[in-house]
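Just the one chain here, the form predicted on its own, laid out as structure tokens.
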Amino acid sequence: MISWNDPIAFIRGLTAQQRKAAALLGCETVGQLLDVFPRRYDDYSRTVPIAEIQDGIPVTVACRVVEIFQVKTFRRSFILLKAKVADASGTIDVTWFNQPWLLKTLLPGTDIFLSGVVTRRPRLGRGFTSPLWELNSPETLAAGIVAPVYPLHGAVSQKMVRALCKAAVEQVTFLEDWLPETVRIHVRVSPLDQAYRQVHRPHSMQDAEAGRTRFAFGELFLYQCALRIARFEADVAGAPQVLFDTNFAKQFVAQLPFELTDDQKKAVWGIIQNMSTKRPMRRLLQGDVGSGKTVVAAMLSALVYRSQQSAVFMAPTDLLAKQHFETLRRFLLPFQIPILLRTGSARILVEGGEERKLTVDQINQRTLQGRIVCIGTHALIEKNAAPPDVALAVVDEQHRFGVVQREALAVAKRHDGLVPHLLSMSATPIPRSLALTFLGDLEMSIISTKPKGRQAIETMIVVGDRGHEKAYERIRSEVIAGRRAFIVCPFIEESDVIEARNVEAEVRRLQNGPLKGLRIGMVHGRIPTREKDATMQAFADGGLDILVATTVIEVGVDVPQATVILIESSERFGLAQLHQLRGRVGRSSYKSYCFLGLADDGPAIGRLRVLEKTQDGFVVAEADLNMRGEGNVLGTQQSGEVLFKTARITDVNLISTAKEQAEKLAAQDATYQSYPALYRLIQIMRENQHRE
């Protein structure tokens, strides 16, 4: 047997190619390899004759290669292989992409297992597309079994990862279970060693789900324990007080160019009541896109400044930080409140009516003086980057659900030992059923009404060329009126495999066709940041009429003159993401429109009707939760490791149970130190958050 922390090279029977594959996965030890969990499973335990294959159902067939050949394509770097396989009942076609070595491996007459799903595709016809294949032998990795599907990196194949994990799980000595036995028995989840076998070599889909459930509960339980330690330590340390200045608050509200909604007023009052105590606030300000969360944060920052202290405002991207800087600047300028922008590409100070660009040394010196409002990315919580007198940290995670709460693990103490108050802002309404369990230890402020003067966004599904003409007509009429439009595509460039609109081809088509003569720009993730920011700025300033983009515009684009958004291949997006994209328009008093583009009248229409019927983000969020598939994870971080590898947004009961069990243990031991293995993992999780 080999130990958990042994190098992967210690696994018996590995080839040089398999060792190289493990390195490409970023794994050095056996334990790291086994912590690469499957994304899903393909149930190939059903072996059938070719004549009995039903479209869309995973199957395995034992067959013989009849012929295999390469098909020419318009892309030089793209290789398309076609094959025909047969058994006693009939024949079927097979397609593989970018695997030229199969021409020498799968020679006619070779007996193989094929595992996959038969589909009908416009370009490829009926047959298997990129199925798994194995030589017909008793030692198979996928054929005839429930096969794990792992996340891949580089040129590493599923077959290679399956072989590695199969060998590792059969030879390793597992670690001692860190989950307290009383908790494990109460929750009825598998022991640790059994769970690893269940996820990597399941006997059935039920077996695989039992293993996943154990790891999902473990992740959620650890997270809840870490939050409780952070809360306990923060309460012991105490927080700086921010007292409410009634006269100043009235002056601030009076100078706003609009009237605060009742929800905004309630949010400010609830938050300032929290900050007036010595207990560190941990609150979530949740409001739909365009509901006016930023002005609430601006007013709170101003009140912090009046209390002779500093506020920091953290955004997930440089672009969004710059937009928040401009917004807060407008709100704070009348009161001569100094405001500092600090990002990777900008260091700007506005103080005493003067704007200055600073050097790193200058910005550090001004920061150390304190009593200022700082805006930037999460780098602000790094050492010496935040003022020493921070009383309020505002974290704008926008729609990135699953991370709004983890900042409770990351906001550091001040030099005097006090812990700043924390306000997280989320623009995606979290389903109430999930919020009550997962966010139960956070106080919540909800802004459900939009500012006065905002109109409902008219949303409609457009199908085929005729439907799209309606969208193009509206875009042209809005541009003539001096307004602008977004067009969103799911992909950057054309794919030989997936039928969907892409940014590069769409720009060319629109420029030469339905939107000829209009000024069209393009942004996507492969464009350098400076060029992308310049294009977005040109669109915001009116230098472009239309911006064709991927979902990079989902966060950080606030263009009041944008009144139309056309989302192409909308069936490829979740409801919550479509709702977020829809929120790029309707940010002024102008009437706005959202078109959901479909190529044909398919099954997705029923799901998309939800967006036609409602503007309520909470209704959309609940519908999205109910419709999500098994592959959706609960949340991912901005960078670094995924926070939850196995937990899903649909695991509401697991989330609730993890919270209850963490609270139960904390009542006996607030820091969990009487459970050494559990405590060690909690500390590792907290350290990882601080390094983010």
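Start at 1 and count along the sequence shown; that's the residue number. Since this is a predicted model, take the numbers as computed values, not measurements.
There is also a form predicted together with adenosine-5'-diphosphate; it is not shown, and the following applies to it.
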Worksheet item: G290, G127, P490, G116: which sits within 4.5 Å of adenosine-5'-diphosphate in the predicted complex by any heavy atom?
Response: G290
Item to complete: Taking 4.5 Å between heavy atoms as the contact cutoff, choose which of P202, P451, P387, P316 touches adenosine-5'-diphosphate in the predicted complex.
Response: P451
Item to complete: Give a yes/no on whether R228 approaches adenosine-5'-diphosphate to within 4.5 Å in the predicted complex, heavy atoms considered.
Response: no
Worksheet item: Is there a heavy atom of E504 lying 4.5 Å or less from a heavy atom of adenosine-5'-diphosphate in the predicted complex?
Response: no
Worksheet item: Heavy atoms within 4.5 Å of adenosine-5'-diphosphate in the predicted complex: does L349 have any?
Response: no
Practice prompt. Report whether the minimum heavy atom distance between V523 and adenosine-5'-diphosphate in the predicted complex is within 4.5 Å.
Written response: no
Worksheet entry | Heavy atom contact within 4.5 Å of adenosine-5'-diphosphate in the predicted complex, the stretch among 592-600, 294-302, 461-469, 607-615 | 294-302
Worksheet item: Using a 4.5 Å cut-off on heavy atoms, what residues in 252-267 are near adenosine-5'-diphosphate in the predicted complex?
Response: F258, E259, L260, T261, Q264
